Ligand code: ATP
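A lone chain, given as structure tokens: the form predicted on its own.
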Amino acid sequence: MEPSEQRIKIAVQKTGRLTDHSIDLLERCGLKLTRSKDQLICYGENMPIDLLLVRDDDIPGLVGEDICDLGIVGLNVVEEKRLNRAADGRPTEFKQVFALDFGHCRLSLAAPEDAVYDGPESLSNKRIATSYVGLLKRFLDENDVEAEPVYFSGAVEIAPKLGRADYICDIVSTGGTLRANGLAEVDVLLESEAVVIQTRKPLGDEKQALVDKILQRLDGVLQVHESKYIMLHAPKEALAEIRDLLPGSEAPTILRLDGNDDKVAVHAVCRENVFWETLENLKAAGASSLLVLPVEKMLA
């Protein structure tokens, strides 16, 4: 195998709301990157991994065609491409590995603010502008509604003003663009976030081992998202109540305190947010010497 073929290739959105998060995530996995002069490839300095910076719509295809081994892309894009391939009778040549808990948005239906929407039946015989024809058709089929999808590749929100559609189906984050165009969100088709996808094509042992290492590190970074390490002293008689108050914690570590038979030290990783109210409740239950630390890395 040529040296270039031994390098792992990861497709990442070139510009957009997922770009910075995706690169930051990989850097938190220990990858040091150098960008090429054309800004289309980032080369891994300390690991045989390259990032290809491409259009998000191209990522499922690049992974499915085995040009890239992994990709980071929105679930909305993944589902649309999967449905398009299924409609053409083609198998999906990539698999979703796990969600990344950033890039949250939703694929929604929106209508002019003065329109009356009483559920999917209101779409009957209407025109709906969208670039997500596959997902829209699935929604219409699931609700047994006959409507006309109108394909728009961009600026979908202006379709009603142009008289091209009665409704639109598009990605919504804050809803500001809808409001600016006199539209209101009326229904949600899909909750989306960034996901990792992987080629279904078999890799050699060496490449597969590296892919597994990257996925393990990604999982480790995700595990510490909002996780905190809590240390405290607890009276033995209050230990059960204090355990119940630790948010998202597995079995904590209990240590004896030198010279104190009535108290123990409690150490726990909490995989949920630790709020001030949490600490106040722990203190009220008898905990003392509370210390909360961020968790940088974790492997299960």
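Note that residue numbering begins at 1 and tracks the sequence as displayed. All values derive from a computational prediction rather than experimental measurement.
We do not show the form predicted together with adenosine-5'-triphosphate, though everything after this point is about it.
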Where, among 135 to 143, 200 to 208, 73 to 81, 213 to 221, do residues come within 4.5 Å of adenosine-5'-triphosphate in the predicted complex by heavy atom distance? 73 to 81
Out of His267, Arg55, Arg243, Arg35, which one falls within 4.5 Å of adenosine-5'-triphosphate in the predicted complex, going by heavy atoms? Arg55
Although adenosine-5'-triphosphate is absent from this view, report whether Lys9 comes within 4.5 Å of it in the predicted complex, heavy atoms only. no
In the predicted complex, is there a heavy atom of adenosine-5'-triphosphate that lies within 4.5 Å of any heavy atom of Thr92, even though the partner is absent here? no
I'd like to know if Leu178 sits close to adenosine-5'-triphosphate in the predicted complex, meaning any non-hydrogen atom pair within 4.5 angstroms. no
Quick one: does Leu18 come within 4.5 Å of adenosine-5'-triphosphate in the predicted complex, counting heavy atoms only? yes
Could you run down 182 to 204 and flag each residue that has a heavy atom within 4.5 Å of adenosine-5'-triphosphate in the predicted complex? Ser192
